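Shown next as C-alpha coordinates: one chain only, the form predicted on its own.
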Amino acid sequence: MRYEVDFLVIGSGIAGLSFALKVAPYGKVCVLTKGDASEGSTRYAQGGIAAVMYDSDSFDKHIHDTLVAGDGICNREVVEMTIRQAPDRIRELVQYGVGFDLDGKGDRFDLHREGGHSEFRILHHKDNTGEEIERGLLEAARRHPNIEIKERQFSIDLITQHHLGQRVTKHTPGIECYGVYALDCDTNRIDTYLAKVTLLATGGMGNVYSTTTTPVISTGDGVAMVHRARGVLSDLEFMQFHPTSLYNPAEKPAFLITEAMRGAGAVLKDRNGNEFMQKYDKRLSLAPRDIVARAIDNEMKLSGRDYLYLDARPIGKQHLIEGFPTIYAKCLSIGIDITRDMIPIRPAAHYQCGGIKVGLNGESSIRHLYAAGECSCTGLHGGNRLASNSLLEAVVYAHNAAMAAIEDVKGLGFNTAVPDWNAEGMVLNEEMILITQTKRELQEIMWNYVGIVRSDLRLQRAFDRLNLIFRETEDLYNRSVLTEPLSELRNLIACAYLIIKMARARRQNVGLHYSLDLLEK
(Lines give C-alpha, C1' and ligand atoms only; values in the text may rest on other atoms or scores of the structure.)
Protein backbone atom coordinates (compact mmCIF):
# COMPACT_ATOMS: atom_id res chain seq x y z
CA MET A 1 0.00 0.00 0.00
CA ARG A 2 0.98 3.63 -0.46
CA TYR A 3 0.58 6.38 2.12
CA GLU A 4 1.18 10.13 1.97
CA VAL A 5 1.89 12.20 5.09
CA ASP A 6 3.31 15.65 5.71
CA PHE A 7 5.58 14.57 8.56
CA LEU A 8 6.87 11.01 8.85
CA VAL A 9 8.48 10.06 12.17
CA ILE A 10 10.44 6.84 12.59
CA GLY A 11 10.56 6.00 16.29
CA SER A 12 8.31 6.67 19.28
CA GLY A 13 10.70 7.62 22.07
CA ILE A 14 11.26 11.05 23.58
CA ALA A 15 12.71 12.51 20.36
CA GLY A 16 10.09 11.15 17.95
CA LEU A 17 7.07 11.96 20.11
CA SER A 18 8.32 15.45 21.06
CA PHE A 19 8.82 16.24 17.37
CA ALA A 20 5.42 14.80 16.43
CA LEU A 21 3.60 16.88 19.03
CA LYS A 22 5.24 20.10 17.86
CA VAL A 23 4.65 19.64 14.12
CA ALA A 24 1.14 18.19 14.46
CA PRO A 25 -0.63 21.58 14.26
CA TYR A 26 0.94 22.09 10.81
CA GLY A 27 0.03 18.87 9.00
CA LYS A 28 -0.64 15.16 9.07
CA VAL A 29 1.85 13.21 11.18
CA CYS A 30 2.51 9.47 11.03
CA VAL A 31 4.73 7.80 13.62
CA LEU A 32 6.09 4.38 12.65
CA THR A 33 7.52 2.14 15.35
CA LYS A 34 8.75 -1.39 14.80
CA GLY A 35 7.53 -2.70 18.16
CA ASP A 36 4.93 -1.47 20.58
CA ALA A 37 4.89 2.32 20.76
CA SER A 38 6.09 2.33 24.38
CA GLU A 39 9.03 0.01 23.67
CA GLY A 40 12.39 1.66 23.17
CA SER A 41 15.40 3.08 24.95
CA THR A 42 13.54 6.05 26.46
CA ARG A 43 11.51 3.91 28.84
CA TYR A 44 14.68 2.18 30.10
CA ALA A 45 16.34 5.45 31.16
CA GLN A 46 16.45 5.27 34.94
CA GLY A 47 18.57 8.21 36.07
CA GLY A 48 16.90 11.26 34.61
CA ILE A 49 17.41 14.38 32.54
CA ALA A 50 20.04 17.02 33.28
CA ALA A 51 19.05 20.69 33.45
CA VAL A 52 19.97 23.84 35.34
CA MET A 53 16.77 24.83 37.11
CA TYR A 54 17.84 26.94 40.12
CA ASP A 55 20.34 29.65 41.05
CA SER A 56 22.42 27.21 43.12
CA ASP A 57 23.63 25.86 39.78
CA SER A 58 24.62 27.66 36.58
CA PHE A 59 24.71 27.13 32.82
CA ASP A 60 28.48 27.69 32.89
CA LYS A 61 28.96 24.83 35.34
CA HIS A 62 26.83 22.42 33.26
CA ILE A 63 28.65 23.50 30.10
CA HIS A 64 32.03 22.94 31.78
CA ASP A 65 31.03 19.49 33.05
CA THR A 66 29.83 18.47 29.58
CA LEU A 67 33.03 19.66 27.89
CA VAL A 68 35.21 17.85 30.45
CA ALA A 69 33.28 14.59 30.10
CA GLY A 70 33.48 14.89 26.30
CA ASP A 71 37.28 14.92 26.58
CA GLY A 72 37.67 18.25 24.83
CA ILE A 73 36.12 17.37 21.49
CA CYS A 74 32.53 18.51 22.00
CA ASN A 75 31.12 21.23 19.75
CA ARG A 76 31.01 24.15 22.20
CA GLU A 77 28.28 25.98 20.27
CA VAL A 78 26.07 22.90 20.48
CA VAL A 79 26.83 22.41 24.18
CA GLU A 80 25.91 26.00 25.05
CA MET A 81 22.75 25.98 22.94
CA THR A 82 21.51 22.68 24.37
CA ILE A 83 22.14 23.50 28.00
CA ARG A 84 20.64 26.99 27.80
CA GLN A 85 17.46 25.55 26.22
CA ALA A 86 17.06 22.93 28.94
CA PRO A 87 14.75 24.78 31.36
CA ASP A 88 12.25 25.60 28.60
CA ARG A 89 12.21 22.02 27.36
CA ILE A 90 11.70 20.71 30.90
CA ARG A 91 8.71 23.01 31.39
CA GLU A 92 7.22 21.70 28.12
CA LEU A 93 7.58 18.10 29.28
CA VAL A 94 5.71 19.00 32.46
CA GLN A 95 2.99 20.63 30.34
CA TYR A 96 2.67 17.38 28.35
CA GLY A 97 1.95 15.60 31.62
CA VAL A 98 5.37 14.27 32.67
CA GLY A 99 5.71 14.15 36.46
CA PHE A 100 9.16 14.76 37.94
CA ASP A 101 9.76 14.18 41.66
CA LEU A 102 9.54 17.22 43.94
CA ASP A 103 11.36 17.91 47.18
CA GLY A 104 9.81 17.56 50.64
CA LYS A 105 8.09 20.95 50.44
CA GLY A 106 6.63 20.18 47.00
CA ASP A 107 7.62 23.49 45.40
CA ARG A 108 10.99 22.57 43.86
CA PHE A 109 12.25 19.64 41.81
CA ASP A 110 14.13 16.98 43.76
CA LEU A 111 17.52 16.85 42.03
CA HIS A 112 20.03 14.00 41.90
CA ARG A 113 23.74 14.16 41.15
CA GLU A 114 25.55 11.73 38.83
CA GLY A 115 29.09 11.01 37.70
CA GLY A 116 30.87 13.94 36.06
CA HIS A 117 28.37 16.53 37.38
CA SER A 118 29.60 19.21 39.77
CA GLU A 119 26.08 19.96 41.05
CA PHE A 120 22.76 18.26 41.82
CA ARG A 121 20.88 18.87 38.54
CA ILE A 122 19.25 15.59 37.51
CA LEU A 123 15.46 15.74 37.35
CA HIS A 124 13.97 12.31 37.86
CA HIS A 125 10.88 10.26 38.61
CA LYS A 126 12.12 7.79 41.25
CA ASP A 127 14.40 5.43 39.29
CA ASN A 128 12.17 5.06 36.22
CA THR A 129 12.35 8.55 34.71
CA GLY A 130 12.33 7.38 31.10
CA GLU A 131 9.21 5.31 31.64
CA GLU A 132 7.42 8.36 33.06
CA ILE A 133 8.53 10.57 30.16
CA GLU A 134 7.43 7.94 27.64
CA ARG A 135 4.05 7.60 29.35
CA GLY A 136 3.39 11.34 29.38
CA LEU A 137 4.42 11.96 25.77
CA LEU A 138 2.67 8.88 24.41
CA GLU A 139 -0.61 9.80 26.07
CA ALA A 140 -0.35 13.35 24.68
CA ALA A 141 0.44 12.07 21.18
CA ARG A 142 -2.45 9.62 21.20
CA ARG A 143 -4.82 12.42 22.12
CA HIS A 144 -3.78 14.60 19.18
CA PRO A 145 -6.09 14.26 16.16
CA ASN A 146 -3.29 14.92 13.63
CA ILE A 147 -0.99 12.15 14.90
CA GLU A 148 -1.35 8.54 13.82
CA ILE A 149 0.86 5.98 15.55
CA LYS A 150 1.37 2.74 13.63
CA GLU A 151 2.98 -0.09 15.58
CA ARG A 152 4.91 -3.10 14.27
CA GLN A 153 6.02 -1.21 11.15
CA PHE A 154 9.71 -1.86 10.43
CA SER A 155 11.32 0.86 8.32
CA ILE A 156 13.62 -0.82 5.81
CA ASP A 157 15.13 1.88 3.64
CA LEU A 158 14.98 5.60 2.98
CA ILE A 159 13.58 6.45 -0.43
CA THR A 160 15.95 8.67 -2.45
CA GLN A 161 16.87 9.33 -6.09
CA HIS A 162 18.44 5.86 -6.04
CA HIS A 163 14.95 4.36 -6.20
CA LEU A 164 14.19 6.48 -9.26
CA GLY A 165 17.06 4.86 -11.17
CA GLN A 166 19.73 7.48 -10.47
CA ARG A 167 23.16 6.35 -9.31
CA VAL A 168 23.72 7.84 -5.84
CA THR A 169 27.11 7.90 -4.13
CA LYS A 170 28.42 9.76 -1.08
CA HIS A 171 29.65 12.43 -3.52
CA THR A 172 26.24 12.93 -5.18
CA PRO A 173 25.08 16.50 -4.52
CA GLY A 174 21.54 17.15 -3.34
CA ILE A 175 20.45 13.69 -2.18
CA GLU A 176 16.79 13.96 -1.17
CA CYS A 177 14.54 11.85 1.04
CA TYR A 178 11.03 11.13 -0.24
CA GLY A 179 9.95 8.80 2.58
CA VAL A 180 10.59 5.17 3.52
CA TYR A 181 9.75 1.60 2.61
CA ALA A 182 8.35 -0.15 5.68
CA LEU A 183 7.59 -3.79 6.45
CA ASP A 184 4.22 -4.41 8.09
CA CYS A 185 5.30 -7.11 10.55
CA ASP A 186 1.76 -8.51 10.86
CA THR A 187 1.09 -8.97 7.14
CA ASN A 188 4.70 -9.19 5.79
CA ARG A 189 3.71 -6.58 3.22
CA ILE A 190 6.20 -3.85 2.36
CA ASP A 191 4.42 -0.51 2.10
CA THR A 192 5.52 2.81 0.60
CA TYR A 193 5.34 5.87 2.83
CA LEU A 194 5.78 9.14 0.94
CA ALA A 195 6.54 12.15 3.11
CA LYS A 196 7.40 15.79 2.66
CA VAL A 197 9.66 15.67 5.73
CA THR A 198 11.06 12.63 7.55
CA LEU A 199 12.54 12.45 11.06
CA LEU A 200 14.68 9.53 12.16
CA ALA A 201 14.41 8.91 15.89
CA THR A 202 15.35 5.26 15.79
CA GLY A 203 17.51 5.08 18.90
CA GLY A 204 20.80 3.25 19.31
CA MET A 205 22.69 0.17 18.19
CA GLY A 206 23.51 -1.48 21.53
CA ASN A 207 22.66 -4.95 20.23
CA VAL A 208 25.75 -4.93 18.07
CA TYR A 209 27.35 -6.15 21.33
CA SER A 210 26.59 -9.36 23.24
CA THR A 211 26.09 -7.56 26.57
CA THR A 212 23.97 -4.42 26.48
CA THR A 213 21.45 -2.50 28.57
CA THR A 214 19.50 -1.49 25.48
CA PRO A 215 16.23 -3.16 24.42
CA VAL A 216 16.35 -5.86 21.75
CA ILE A 217 14.94 -3.45 19.17
CA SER A 218 18.07 -1.23 19.36
CA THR A 219 19.70 -2.49 16.17
CA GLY A 220 20.96 0.72 14.58
CA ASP A 221 18.24 0.88 11.94
CA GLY A 222 18.39 4.64 11.34
CA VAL A 223 22.18 4.75 11.08
CA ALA A 224 22.19 1.78 8.71
CA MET A 225 19.50 3.33 6.49
CA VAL A 226 21.44 6.60 6.22
CA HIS A 227 24.62 4.63 5.49
CA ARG A 228 22.91 2.84 2.60
CA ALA A 229 21.44 6.16 1.40
CA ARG A 230 24.98 7.61 1.34
CA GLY A 231 24.37 10.18 4.05
CA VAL A 232 27.05 11.53 6.39
CA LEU A 233 27.77 9.69 9.67
CA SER A 234 30.26 10.59 12.37
CA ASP A 235 31.93 9.52 15.65
CA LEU A 236 30.58 5.97 15.84
CA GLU A 237 33.82 4.76 17.43
CA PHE A 238 32.58 6.38 20.64
CA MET A 239 30.39 3.64 22.07
CA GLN A 240 29.63 4.20 25.73
CA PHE A 241 29.70 1.23 28.07
CA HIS A 242 27.71 1.82 31.23
CA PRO A 243 29.92 0.79 34.14
CA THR A 244 27.18 -0.80 36.22
CA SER A 245 24.75 -3.28 34.75
CA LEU A 246 23.41 -6.05 36.98
CA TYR A 247 25.45 -9.23 36.53
CA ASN A 248 22.78 -11.76 35.63
CA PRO A 249 24.06 -13.63 32.53
CA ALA A 250 20.76 -15.32 31.72
CA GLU A 251 18.99 -11.98 31.22
CA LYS A 252 18.94 -9.86 28.07
CA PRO A 253 19.01 -6.93 27.93
CA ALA A 254 21.21 -6.45 30.95
CA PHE A 255 19.42 -4.62 33.75
CA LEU A 256 20.82 -1.14 34.33
CA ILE A 257 21.92 0.03 37.77
CA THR A 258 21.54 3.79 37.48
CA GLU A 259 24.46 6.12 38.03
CA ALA A 260 22.24 8.05 40.42
CA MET A 261 22.99 5.32 42.97
CA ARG A 262 26.65 6.34 43.01
CA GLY A 263 25.51 9.94 43.20
CA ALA A 264 23.56 9.02 46.33
CA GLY A 265 26.56 7.35 47.97
CA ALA A 266 27.00 3.83 46.51
CA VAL A 267 30.64 2.76 46.14
CA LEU A 268 32.39 0.45 43.68
CA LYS A 269 34.28 -2.43 45.28
CA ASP A 270 36.27 -5.47 44.18
CA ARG A 271 35.43 -9.09 44.96
CA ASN A 272 37.13 -8.75 48.34
CA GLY A 273 35.01 -5.78 49.32
CA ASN A 274 37.78 -3.21 48.85
CA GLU A 275 37.40 0.14 47.08
CA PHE A 276 39.58 0.53 43.98
CA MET A 277 38.60 3.71 42.12
CA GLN A 278 41.24 5.72 44.03
CA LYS A 279 43.79 4.01 41.76
CA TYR A 280 42.20 5.50 38.66
CA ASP A 281 40.64 8.90 39.35
CA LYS A 282 40.38 11.40 42.20
CA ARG A 283 36.61 11.59 41.64
CA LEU A 284 36.42 7.93 42.70
CA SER A 285 33.07 6.26 41.92
CA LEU A 286 31.72 9.53 40.50
CA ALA A 287 34.28 9.80 37.70
CA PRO A 288 32.88 9.98 34.11
CA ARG A 289 31.65 6.74 32.61
CA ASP A 290 34.56 6.08 30.25
CA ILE A 291 37.04 6.18 33.14
CA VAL A 292 34.89 4.06 35.46
CA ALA A 293 34.13 1.46 32.77
CA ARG A 294 37.83 1.05 31.90
CA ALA A 295 38.71 0.79 35.59
CA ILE A 296 36.15 -1.97 36.15
CA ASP A 297 37.26 -3.74 32.98
CA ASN A 298 40.88 -3.64 34.15
CA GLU A 299 40.05 -4.87 37.65
CA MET A 300 38.03 -7.75 36.19
CA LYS A 301 40.94 -8.76 33.97
CA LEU A 302 43.46 -8.50 36.80
CA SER A 303 41.31 -10.72 39.03
CA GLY A 304 40.04 -13.04 36.30
CA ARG A 305 36.48 -12.43 37.48
CA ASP A 306 33.33 -11.81 35.46
CA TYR A 307 31.95 -9.15 37.78
CA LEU A 308 32.69 -6.74 40.63
CA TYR A 309 30.39 -5.09 43.18
CA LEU A 310 28.46 -1.90 43.80
CA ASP A 311 27.91 -1.39 47.50
CA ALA A 312 24.69 0.61 47.91
CA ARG A 313 24.37 0.03 51.66
CA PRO A 314 25.83 3.46 52.57
CA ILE A 315 22.72 5.06 51.01
CA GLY A 316 20.56 3.71 53.83
CA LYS A 317 17.65 1.26 53.81
CA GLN A 318 14.78 3.75 53.62
CA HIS A 319 16.31 5.83 50.82
CA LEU A 320 17.13 2.69 48.83
CA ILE A 321 13.60 1.34 49.04
CA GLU A 322 11.86 4.67 48.43
CA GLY A 323 14.32 6.28 46.00
CA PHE A 324 15.27 3.22 43.96
CA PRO A 325 12.19 0.96 44.09
CA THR A 326 12.69 -0.56 40.64
CA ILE A 327 16.27 -1.60 41.35
CA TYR A 328 15.38 -2.82 44.85
CA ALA A 329 12.56 -5.01 43.51
CA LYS A 330 14.62 -6.32 40.60
CA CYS A 331 17.56 -7.34 42.76
CA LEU A 332 15.25 -8.88 45.34
CA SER A 333 13.67 -11.00 42.58
CA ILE A 334 17.02 -12.76 42.05
CA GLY A 335 17.83 -13.10 45.71
CA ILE A 336 19.82 -9.91 46.35
CA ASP A 337 18.68 -7.56 49.11
CA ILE A 338 20.53 -4.35 48.31
CA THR A 339 19.94 -3.03 51.83
CA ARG A 340 22.18 -5.89 53.10
CA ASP A 341 24.02 -7.29 50.08
CA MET A 342 26.40 -5.76 47.55
CA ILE A 343 25.18 -5.74 43.93
CA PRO A 344 27.18 -7.78 41.39
CA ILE A 345 27.90 -5.55 38.40
CA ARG A 346 29.79 -5.43 35.12
CA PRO A 347 29.97 -2.94 32.21
CA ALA A 348 27.54 -3.24 29.30
CA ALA A 349 27.16 -1.48 25.94
CA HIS A 350 24.82 1.39 26.63
CA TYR A 351 24.86 4.45 24.38
CA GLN A 352 26.33 5.56 21.05
CA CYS A 353 27.75 9.09 21.07
CA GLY A 354 28.01 9.22 17.28
CA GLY A 355 25.52 8.63 14.51
CA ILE A 356 23.80 10.56 11.73
CA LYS A 357 25.63 13.86 11.43
CA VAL A 358 23.21 16.76 11.95
CA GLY A 359 23.35 20.53 12.21
CA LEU A 360 21.93 22.76 14.93
CA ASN A 361 18.39 22.14 13.67
CA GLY A 362 18.72 18.38 13.41
CA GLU A 363 19.12 18.50 9.63
CA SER A 364 21.11 15.65 8.05
CA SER A 365 23.17 15.77 4.87
CA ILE A 366 20.12 14.41 3.01
CA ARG A 367 17.51 17.05 2.16
CA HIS A 368 14.21 16.94 4.07
CA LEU A 369 15.65 14.28 6.41
CA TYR A 370 16.16 15.12 10.08
CA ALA A 371 17.48 13.04 12.97
CA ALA A 372 17.20 13.43 16.74
CA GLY A 373 18.01 11.37 19.81
CA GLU A 374 20.58 8.61 20.06
CA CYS A 375 20.71 7.88 16.33
CA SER A 376 22.06 11.38 15.67
CA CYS A 377 25.49 12.94 16.13
CA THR A 378 25.06 16.55 17.23
CA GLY A 379 28.49 17.23 18.71
CA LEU A 380 27.09 17.58 22.24
CA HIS A 381 28.76 14.47 23.65
CA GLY A 382 32.16 14.66 21.99
CA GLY A 383 34.18 11.61 23.00
CA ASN A 384 31.99 10.63 25.95
CA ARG A 385 28.42 11.48 27.03
CA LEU A 386 27.91 13.16 30.37
CA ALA A 387 25.31 11.24 32.38
CA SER A 388 21.67 12.29 31.77
CA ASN A 389 22.53 14.60 28.88
CA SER A 390 20.97 12.15 26.40
CA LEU A 391 17.30 12.79 27.17
CA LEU A 392 18.08 16.51 27.23
CA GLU A 393 19.74 16.34 23.80
CA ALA A 394 16.79 14.39 22.40
CA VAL A 395 14.15 16.88 23.52
CA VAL A 396 16.19 19.94 22.50
CA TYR A 397 16.93 18.63 19.01
CA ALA A 398 13.37 17.40 18.55
CA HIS A 399 12.31 21.00 19.22
CA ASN A 400 14.89 22.49 16.84
CA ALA A 401 14.09 19.96 14.12
CA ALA A 402 10.36 20.61 14.49
CA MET A 403 10.80 24.36 14.10
CA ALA A 404 12.92 23.81 10.97
CA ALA A 405 10.61 21.14 9.53
CA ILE A 406 7.56 23.39 9.89
CA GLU A 407 9.29 25.83 7.53
CA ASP A 408 10.77 23.10 5.33
CA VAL A 409 7.41 21.48 4.62
CA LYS A 410 5.96 24.63 3.09
CA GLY A 411 5.64 24.31 -0.67
CA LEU A 412 6.81 20.69 -0.77
CA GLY A 413 4.84 17.98 -2.52
CA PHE A 414 5.03 14.20 -2.75
CA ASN A 415 7.27 12.44 -5.27
CA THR A 416 4.66 10.17 -6.83
CA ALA A 417 7.20 8.76 -9.30
CA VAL A 418 8.59 6.58 -6.51
CA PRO A 419 7.98 2.89 -7.35
CA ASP A 420 6.67 0.34 -4.88
CA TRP A 421 9.03 -2.22 -3.36
CA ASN A 422 10.01 -4.98 -5.77
CA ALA A 423 10.24 -8.45 -4.21
CA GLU A 424 9.92 -10.39 -7.48
CA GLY A 425 11.83 -13.67 -7.54
CA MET A 426 12.48 -13.75 -3.79
CA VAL A 427 11.79 -16.88 -1.75
CA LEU A 428 10.96 -17.25 1.94
CA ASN A 429 14.04 -18.54 3.73
CA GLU A 430 13.08 -20.93 6.50
CA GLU A 431 16.57 -21.42 7.97
CA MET A 432 16.34 -18.97 10.88
CA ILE A 433 19.44 -20.61 12.35
CA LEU A 434 21.49 -18.82 9.69
CA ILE A 435 20.29 -15.46 11.02
CA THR A 436 20.34 -16.18 14.76
CA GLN A 437 23.78 -17.80 14.70
CA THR A 438 25.28 -15.03 12.57
CA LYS A 439 23.86 -12.40 14.91
CA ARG A 440 25.33 -14.17 17.93
CA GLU A 441 28.69 -14.48 16.19
CA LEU A 442 28.68 -10.79 15.28
CA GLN A 443 27.89 -9.72 18.84
CA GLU A 444 30.71 -11.83 20.28
CA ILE A 445 33.20 -10.45 17.75
CA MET A 446 32.31 -6.89 18.67
CA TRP A 447 32.37 -7.55 22.43
CA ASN A 448 35.75 -9.32 22.35
CA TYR A 449 37.59 -7.15 19.82
CA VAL A 450 35.84 -3.74 19.62
CA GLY A 451 34.81 -3.23 23.23
CA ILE A 452 36.01 -1.06 26.10
CA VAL A 453 39.70 -1.62 25.31
CA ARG A 454 40.87 -2.10 21.72
CA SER A 455 44.07 -2.63 19.75
CA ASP A 456 45.12 -2.54 16.10
CA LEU A 457 45.26 -6.34 16.02
CA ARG A 458 41.82 -6.74 17.58
CA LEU A 459 40.27 -4.25 15.16
CA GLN A 460 41.89 -5.98 12.17
CA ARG A 461 40.68 -9.37 13.36
CA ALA A 462 37.15 -8.02 13.85
CA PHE A 463 37.17 -6.44 10.39
CA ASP A 464 38.32 -9.68 8.71
CA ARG A 465 35.65 -11.78 10.41
CA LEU A 466 32.98 -9.17 9.76
CA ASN A 467 33.79 -9.19 6.05
CA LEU A 468 32.91 -12.88 5.84
CA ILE A 469 29.68 -12.39 7.78
CA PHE A 470 28.75 -9.47 5.51
CA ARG A 471 29.19 -11.53 2.31
CA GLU A 472 27.18 -14.46 3.66
CA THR A 473 24.34 -12.22 4.82
CA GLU A 474 24.16 -10.19 1.60
CA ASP A 475 23.93 -13.44 -0.36
CA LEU A 476 21.02 -14.50 1.85
CA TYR A 477 19.38 -11.07 1.50
CA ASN A 478 19.64 -11.06 -2.30
CA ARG A 479 17.58 -14.23 -2.65
CA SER A 480 15.20 -14.09 0.33
CA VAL A 481 11.87 -12.51 1.08
CA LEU A 482 12.69 -9.72 3.51
CA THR A 483 11.90 -10.35 7.17
CA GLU A 484 12.47 -8.27 10.27
CA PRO A 485 15.25 -10.53 11.69
CA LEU A 486 17.13 -10.48 8.38
CA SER A 487 16.80 -6.72 8.04
CA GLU A 488 17.97 -6.21 11.64
CA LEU A 489 21.00 -8.42 11.02
CA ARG A 490 21.97 -6.38 7.95
CA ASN A 491 21.64 -3.20 9.97
CA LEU A 492 23.79 -4.56 12.81
CA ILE A 493 26.49 -5.62 10.34
CA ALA A 494 26.48 -2.14 8.79
CA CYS A 495 26.80 -0.55 12.23
CA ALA A 496 29.60 -2.90 13.25
CA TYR A 497 31.47 -2.02 10.06
CA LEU A 498 31.09 1.70 10.74
CA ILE A 499 32.28 1.37 14.36
CA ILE A 500 35.37 -0.57 13.28
CA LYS A 501 36.11 1.74 10.36
CA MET A 502 35.93 4.88 12.49
CA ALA A 503 37.85 3.25 15.36
CA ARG A 504 40.70 2.37 12.99
CA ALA A 505 40.75 5.94 11.69
CA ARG A 506 40.92 7.47 15.19
CA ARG A 507 44.66 7.53 15.96
CA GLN A 508 44.50 9.00 19.46
CA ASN A 509 43.02 7.72 22.67
CA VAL A 510 40.22 10.10 23.44
CA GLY A 511 36.99 9.67 25.38
CA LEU A 512 35.44 6.27 24.87
CA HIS A 513 37.95 5.18 22.23
CA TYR A 514 40.87 3.50 23.99
CA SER A 515 43.46 1.42 22.17
CA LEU A 516 46.53 -0.28 23.65
CA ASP A 517 48.50 0.84 20.58
CA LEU A 518 47.76 4.56 20.87
CA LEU A 519 49.01 7.38 23.05
CA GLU A 520 46.76 9.56 25.18
CA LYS A 521 45.36 12.67 23.51
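None of these values were measured; they are calculated from a predicted model. Numbers follow the displayed sequence, beginning with 1.
Keep in mind that the form predicted in complex with a small molecule is missing from the display, and what follows is about it.
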*Taking 4.5 Å between heavy atoms as the contact cutoff, choose which of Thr198, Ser285, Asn384, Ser390 touches the small molecule in the predicted complex.*
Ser390
*asked:* At 4.5 Å between heavy atoms, only one of the stretches 448 to 456, 62 to 70, 467 to 475, 41 to 49 reaches the small molecule in the predicted complex; which one is it?
replied: 41 to 49
_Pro485 within 4.5 Å of the small molecule in the predicted complex, heavy atoms_ = no
*Contact flag, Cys353 vs the small molecule in the predicted complex, heavy atom cut 4.5 Å*: no
*Touches the small molecule in the predicted complex: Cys74 (any heavy atom, 4.5 Å)*: no
_Taking the small molecule as it sits in the predicted complex, is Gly35 near enough to touch it, meaning that at least one heavy atom pair lies within 4.5 angstroms?_
yes
